[in-house]
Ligand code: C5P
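Okay, here we've got a single chain as structure tokens, the form predicted alone, with questions on binding and movement later.
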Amino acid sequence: MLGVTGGIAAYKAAELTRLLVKAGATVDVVLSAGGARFVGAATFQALSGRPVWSDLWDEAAPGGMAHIELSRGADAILVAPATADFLARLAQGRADDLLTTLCLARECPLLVAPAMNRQMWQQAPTRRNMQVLADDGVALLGPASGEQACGEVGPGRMLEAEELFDELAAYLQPKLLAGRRVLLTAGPTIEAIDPVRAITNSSSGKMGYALARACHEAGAAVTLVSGPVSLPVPRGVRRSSVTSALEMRTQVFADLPGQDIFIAVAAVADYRPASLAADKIKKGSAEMTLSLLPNPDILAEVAASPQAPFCVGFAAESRELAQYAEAKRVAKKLPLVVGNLVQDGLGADHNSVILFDARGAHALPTAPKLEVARGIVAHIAKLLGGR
């Protein structure tokens, strides 16, 4: 159920409705009197394919009791935008229109996406109201900081429709890792040869970042140790940025104490140059030999450490996936290895993986990496439940 109150950000609610419907959700829109002054009911009805509600006394409502029946069966109520006035009325328990009455009579979670001028957001009454709502279990999405319709810049801007869609999807995920602490590595490492050249690989970091997000969605406290990538940090995740394998190892062991789960997704370079040239190596006509040293096996070290966390490895292979992935799991004494063929996912937005554990191999369907990550998290939670 999407509630829309009277703010200029109501136009984003129309796009949010479209995104939710596209994803397969059934969306019932409830317009406040103020919300209807910015975006009309006809727009939301066209986007949702369902009647739009605004009248507390609408006799067409199920059972003639819109304020109770409309929210029955809903997974959540999201109010976006939520104005300062609406938040104040909600904090006071007011029930003087359809939307506030629905929020008071609900049986499902309530989320609000504030949208207002920066000074309104920062004023003491608004802060008090937000604290009351937080204490009442209302989930807060945003606000962001940025340019506002009034021309000022600061906090109070409503999240974009895509951000609200992602936040709502995350909120509704099962909290399979609630109370757990998760440490992940992601991305490539870069092993310098000279000031301008290096050994690296084509890992984009997308799978590791998707897993970090999925673990956070599942209720875990997530620390991400990342090689160089061009990806935003998932909301709620703490990231430490590193470059080389040795730097990654140092950071992992600094963050390791107290972790319940370690997931080694990073494509760590197996070798590094034996020496680093102080200046750029000039091109010549003769052949050049580069001497390499093996990098430490971070996952193997963590798995062998005293009181090791639940360790998950990744095996990206170009052939004979089952043989190599299972051999890696056994050799490093890991409860779980996630295997994939590099041609099926390296650098792409989708992935196809097989999970290898003591009970055998379990294939996950080819899907966007976030969906694959959620499947991996569900399997981790299942294995942890049996330990």
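We number the residues from 1 along the sequence you see. Keep in mind that this is a model prediction, so the values were computed, not measured.
In what follows, reference is made to the form predicted together with the ligand, a form of this protein that is not presented.
At the 4.5 Å threshold, heavy atoms of Lys332 reach the ligand in the predicted complex. Taking the partner from elsewhere, Val265 is found to have a heavy atom lying within 4.5 Å of the ligand in the predicted complex. For Pro309, no non-hydrogen atom is located within 4.5 Å of the ligand in the predicted complex, even though that partner is not displayed. The ligand is not shown here, but in the predicted complex it comes within 4.5 Å of a heavy atom of Asp270.
For a residue to qualify, one of its non-hydrogen atoms must sit within 4.5 Å of the ligand in the predicted complex; all three of Ile298, Phe314 and Lys328 qualify. Heavy atoms within 4.5 Å of the ligand in the predicted complex are found in one stretch of 257-265, 195-203, 170-178, 156-164, which is 257-265.
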